[in-house]
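Here we start with a single chain on its own, the form predicted on its own, put down as structure tokens.
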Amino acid sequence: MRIDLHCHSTASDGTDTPAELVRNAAAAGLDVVALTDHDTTRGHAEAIAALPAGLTLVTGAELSCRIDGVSMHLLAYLFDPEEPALLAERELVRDDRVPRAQGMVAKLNALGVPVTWEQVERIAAGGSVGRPHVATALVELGVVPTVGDAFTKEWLADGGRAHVKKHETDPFEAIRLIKGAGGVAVFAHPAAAKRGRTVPEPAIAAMAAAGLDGIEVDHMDHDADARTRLRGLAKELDLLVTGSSDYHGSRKTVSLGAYTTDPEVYGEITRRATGAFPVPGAGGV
């Protein structure tokens, strides 16, 4: 059984539509795939309608958080998408994305880069706009060769010349909201040092005490030493260990199912969730 619990679509910063994502997941030989777009559930209905027979969809979202000045992401699985408190927080984070991206465009213009807001809007194609869309604009203009090359101090990385801060939820509040909506909370790529500063282990321990369910260990941004360290930490803190591709379509080189989650861990996630249930495929449209 092959299970990938972290994927993105055009509802945020992926390049596959939700329908394409589930079809591609089935073609990649996955049995279970999670749709975890940034701070939004807008792609769920389309994904469910197109879900092929034999593939199960885990509904979720990747929530933007910050602790002690460090950006981090929480994967929220199988929560009630209409629960008012979590819905309000997701909307607050999502609505801040537009003025933030516009601020990055303004900073780039001041640096002599002729990116336009219309260009970023076209790239986002109605999805929840984010830094990867601005990064893609820089690639189109020939400023950087790849999206990853835009995430440096020279351009869009935290503290970079064109970086603009956004509203991010306190992770302890996010865990409380996820649990209140019947969901399961997993810390996404906690050792991804190339993205910037990482959350220290004492803070992860505090989150575990506050109800964090698991940590994402097997991920393209974790080397072998990081995975070993995180597995030890998970055992110490009694946290679930997940593995995921963090698939973004053509925006990243990683493929669907490149990293997967143990079926027993997946079973425990579904047992803990009370807000929603995995959706089995019925053949799609």
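Numbering starts at 1 and runs along the sequence shown. Keep in mind that this is a model prediction, so the values were computed, not measured.
As for the form predicted in complex with adenosine monophosphate (AMP), it is not shown, yet the points below apply to it.
Contact at 13, 131 and 248 by adenosine monophosphate (AMP) in the predicted bound form, all three, heavy atom at most 4.5 Å: Yes, the whole trio is in contact, each within 4.5 Å by some heavy atom.
Stretch from 109-117, 176-184, 77-85, 193-201 whose residues place a heavy atom within 4.5 Å of adenosine monophosphate (AMP) in the predicted bound form: Of the options given, it is 193-201.
The unique member of 222, 66, 252, 44 whose heavy atoms fall within 4.5 Å of adenosine monophosphate (AMP) in the predicted bound form: Of the candidates 222, 66, 252, 44, 252 is the one lying within 4.5 Å of adenosine monophosphate (AMP) in the predicted bound form.
Contact of residue 172 with adenosine monophosphate (AMP) in the predicted bound form (heavy atom, 4.5 Å): No, no contact at 4.5 Å.
Contact label in the predicted bound form: residue 166 to adenosine monophosphate (AMP), heavy atom within 4.5 Å: Yes.
is_contact(residue 148, adenosine monophosphate (AMP)) in the predicted bound form, heavy atom dist at most 4.5 Å: Output for residue 148 is yes: heavy atoms within 4.5 Å of adenosine monophosphate (AMP).
Contact test in the predicted bound form: residue 90 vs adenosine monophosphate (AMP), heavy atoms, 4.5 Å: No, residue 90 sits far enough from adenosine monophosphate (AMP) in the predicted bound form that none of its heavy atoms falls within 4.5 Å.
In the predicted bound form, residues of 40-79 near adenosine monophosphate (AMP) [heavy atom within 4.5 Å]: Only 73 sits within 4.5 Å of the partner.
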